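Single chain ahead, written as structure tokens, the form predicted on its own.
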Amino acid sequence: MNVIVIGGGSAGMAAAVMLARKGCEVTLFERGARLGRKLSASGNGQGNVTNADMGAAHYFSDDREKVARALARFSNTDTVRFLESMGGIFLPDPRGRVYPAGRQASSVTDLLRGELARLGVDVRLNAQVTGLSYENGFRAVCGGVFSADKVILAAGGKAAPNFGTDGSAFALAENFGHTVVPCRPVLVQLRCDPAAVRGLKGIRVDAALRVVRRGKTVFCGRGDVLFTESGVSGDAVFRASSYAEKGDTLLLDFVPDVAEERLKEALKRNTGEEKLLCIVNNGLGRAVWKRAQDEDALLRLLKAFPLEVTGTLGFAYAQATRGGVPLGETDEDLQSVKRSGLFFAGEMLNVDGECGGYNLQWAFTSAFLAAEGVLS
């Protein structure tokens, strides 16, 4: 069987490996100069490929039940087994995030590249597919015209366009009558009122964070919060960005391990800015002290520092895309309901996960489902 895979990211490479192992003749098109560029930067360069705490509750989609069924067919343990079949060792950290033992994302890319070469997959780099049609078989336009029995579209969403994922591949799906859920960036820095973060740039704290919308908490988390010139970043903020919308309020607890009564007693022991010595970062303490009108206000700011969300830094800084081809327009193998033989994988679908290896897990899960569909 002759199969074209469009997109040389995690999902595309995985699908190509799975198909080639079953004897398919696979041609893999990648618009960039190298395969797996985004994968090589994943997990802060350490390669967080999946998570021990896996389930559909960690995903956003138009059909979360289908996501659950997909994960049941190719789970986190299947991902580790698949990757270790090519070499390497993958281990969870104390938070359940699974990494290669060498903590190098580029080595995961190298595993997949090496397997593609071993299997004889025809990899074409600097090769953007600009047209895709069907007439007694699929025809892909990329300089010349290439024919195939089946096609897997795994060209990514709109996040991180510096890696070649600018959303242009959605047009290939639309040519077959598919709709595309409007895309927005997730796992990204949040913008806030500049006045609220003035003087805090560069300060990093371990904080509890809540996202509040119209008086209701829609997300709670804890982790690093890094103040930037335009808002906040850090792993807690990236997780919150999957839930936050413009107009929401972030409430930061700078001393999440200290009860209010204990904090109140500590604040009585000094005066002025010295009240906050050894309680919070000195720079943060000075900024919070300037904003407080009295001791009660100071206590409130320490336990619930408010920041209004005004937006994000956009796709250029995002790790993932929300939106894409709806799962409802595919069958259980992620085959198009519009055109038999056309399959989707990865970020082209309207599925995105929380921070922590969930998006790479979806890449591998969707690659497996699409490959199984091609072979059935």
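Because the structure is predicted, anything quoted here is derived from the model rather than measured. Residue indices: 1-based, along the sequence shown.
This protein has a second form, the form predicted in complex with a small molecule, left out of what is shown; the following refers to that one.
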Quiz item: Given that the partner is absent here, does residue 165 sit within 4.5 Å of the small molecule in the predicted complex, heavy atoms only?
Solution: yes
Quiz item: Applying a 4.5 Å heavy atom distance criterion, does residue 365 contact the small molecule in the predicted complex?
Solution: no
Quiz item: Is residue 322 close enough to touch the small molecule in the predicted complex, meaning at least one heavy atom pair within 4.5 Å?
Solution: no
Quiz item: So, in the predicted complex, is residue 29 in contact with the small molecule at a 4.5 angstroms heavy atom limit?
Solution: yes
Practice problem: Pick the stretch from 73-81, 279-287, 168-176, 252-260 whose residues have a heavy atom within 4.5 Å of the small molecule in the predicted complex. | Solution: 168-176
